[in-house]
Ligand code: F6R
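Just the one chain here, the form predicted on its own, laid out as structure tokens.
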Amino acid sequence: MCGIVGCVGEKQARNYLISGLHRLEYRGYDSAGIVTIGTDNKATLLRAKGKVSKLEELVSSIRRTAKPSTDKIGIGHTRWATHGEPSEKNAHPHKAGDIYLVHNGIIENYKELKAEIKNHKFITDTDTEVLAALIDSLYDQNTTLADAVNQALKLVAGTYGIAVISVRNPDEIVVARSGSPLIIGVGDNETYIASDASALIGFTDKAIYLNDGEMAICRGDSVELRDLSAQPISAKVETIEIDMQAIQKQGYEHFLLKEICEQPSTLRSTLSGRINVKDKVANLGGLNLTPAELRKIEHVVIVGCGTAYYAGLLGMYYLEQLVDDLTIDVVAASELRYRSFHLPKDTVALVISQSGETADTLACLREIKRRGIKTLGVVNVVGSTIAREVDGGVYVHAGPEISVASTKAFTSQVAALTIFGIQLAQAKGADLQSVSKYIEELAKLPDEIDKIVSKDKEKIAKIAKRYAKYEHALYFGRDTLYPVAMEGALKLKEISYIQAEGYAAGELKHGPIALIDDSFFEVALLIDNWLFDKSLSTLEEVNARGGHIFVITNSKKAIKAEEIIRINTKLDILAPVLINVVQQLFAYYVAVARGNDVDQPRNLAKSVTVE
């Protein structure tokens, strides 16, 4: 969601800005822009609605027609509209007097601030222009750029990650954050700014992760950190662990297909060193909980949004199966943060987020911590805000997810939650026999996924073409397949734009079955277990009403449906994860058949850092 880049130093700034914005395209955006200041102390502002490629065309045009000038400082932005429609006018950077500013987040009191600013003619519909004008109003001959930014931020309510430059001070970028991530890349006589580490790869592998309430004065040869009271802060330089290969397509048509097919290897990374099949033990290093503290846990609350929420729901089923004396709540972070909720004593919170920056999830984390509850993160992005603020937890090591629709993170999140359940069960005295099946299936799971992504893609693609013409879909499953049905429906609607809903199979007769007609198709999820016959009964009810059913199952038994994908696997407990991989491929091929932008679906953003 929105992307910020910046550069100051000895190199041509535009080269980094355009490269960085291309790297951040996956986050979701509707317009893009950059501003640079040349050696002649003149600013060049370029903005465009649509893709970064349109902005790049403007840059090329400027280079062909303008007099040569070395732009050694600049900032850029990809915008995901919050205030004001997507347009060139509303695109960042915004200008006010001598100030140019890019901003991620929302300024909640912008109307009140706007009413107090008298010496600026507003031309956009954005809250960001108000912040730029506020800084400009405070930036006089006796005030430094950093002090003007500092004073302005003390008047602001809301969330922000900002980068600010001025033609009056063309040697520094001032950045600050509160609730929206910013990273400072440290190079040789070059300092880079980015809202995501992927924009820094290939330019530097050293970074300073800005914390909430911090600002920095960035020059080519130095970075000075302060808090909002203008007190100096020591900068901690960390190593970025992403490599260039991880953020490239490597021959795949889309990042989404690459990331689906990466799941055998990324899951192995999640499991590595955490399960021991021979000794039948599981251990998540980093929980920062002693065996005695694990034994005391009586309640678990799992918090997430979107795919992370559905991973939490599936994890709940496994935790319930593994630990008898445990109550579990799985909650959508966007709802929990405003509820008058109660957490009983001996509660642990599991906070799930691929990016580690999800705004609602982060807000819940902070409220739960304020209540004195132990928090554990299940996070993919190293160095992210949630990863730094939880009391303990686990990185899932799924690697960068570039496509907006999350796939490999879901699989690794479910695996991590299952390992947590095993570890908790063992701490509470579970015998080896009761947990060994879970450990054995986790160990086999990567190879089982590999069989699907290497052998079944063509068959799934053929079936997907049959259903790409529909505009509505119902997904349904029982028990552990209920959250998988909801996740499958989410994937389909995200990238194909088919209106899709996931239901517990037993709930169809309580309302959704009324929808079934020739404008719908149905995706039925079946596992050959003790609930198979009940699931088959639901299938018959849909068939009796003229349904168009696509079945995904591990059963070899006779099933009446238009299309069937049978997964040949010996897995039982974790078979829902395999079914989900088939769903991911199905959604992908449906979206491709409909001609959609699979990696950057409309209206969506990868990292949701605003409400």
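Remember, it's a predicted structure, so these values are computed and weren't measured experimentally. Residue numbers here begin at 1 and follow the sequence given.
Only in words, not in the display: the form predicted together with this ligand, which the text now covers.
Engineer: When the contact criterion is heavy atoms within 4.5 Å, does K491 count as touching this ligand in the model of the complex?
Structural biologist: Yes, contact at 4.5 Å.
Engineer: Indicate whether T82 is a 4.5 Å heavy atom neighbour of this ligand in the model of the complex.
Structural biologist: No, no contact at 4.5 Å.
Engineer: Please run the contact check for S334 against this ligand in the model of the complex: heavy atoms, 4.5 angstroms, yes or no?
Structural biologist: Result no; S334 lies far from this ligand in the model of the complex.
Engineer: At 4.5 Å between heavy atoms, is T78 in contact with this ligand in the model of the complex?
Structural biologist: Although this ligand is absent here, T78 would stay clear of it in the model of the complex, with no heavy atoms inside 4.5 Å.
Engineer: Only one of Q263, T418, S496, T358 has a non-hydrogen atom within 4.5 angstroms of this ligand in the model of the complex; which is it?
Structural biologist: Only one listed residue qualifies here, and that residue is T358.
Engineer: Have a look at G306, G383, G399, G187 for me and say which one sits with a heavy atom within 4.5 Å of this ligand in the model of the complex.
Structural biologist: Filtering the options by heavy-atom distance leaves G306.
Engineer: Can you pick the stretch from 526-534, 461-469, 286-294, 307-315 whose heavy atoms fall within 4.5 Å of this ligand in the model of the complex?
Structural biologist: Comparing against this ligand in the model of the complex, the contact stretch is 307-315.
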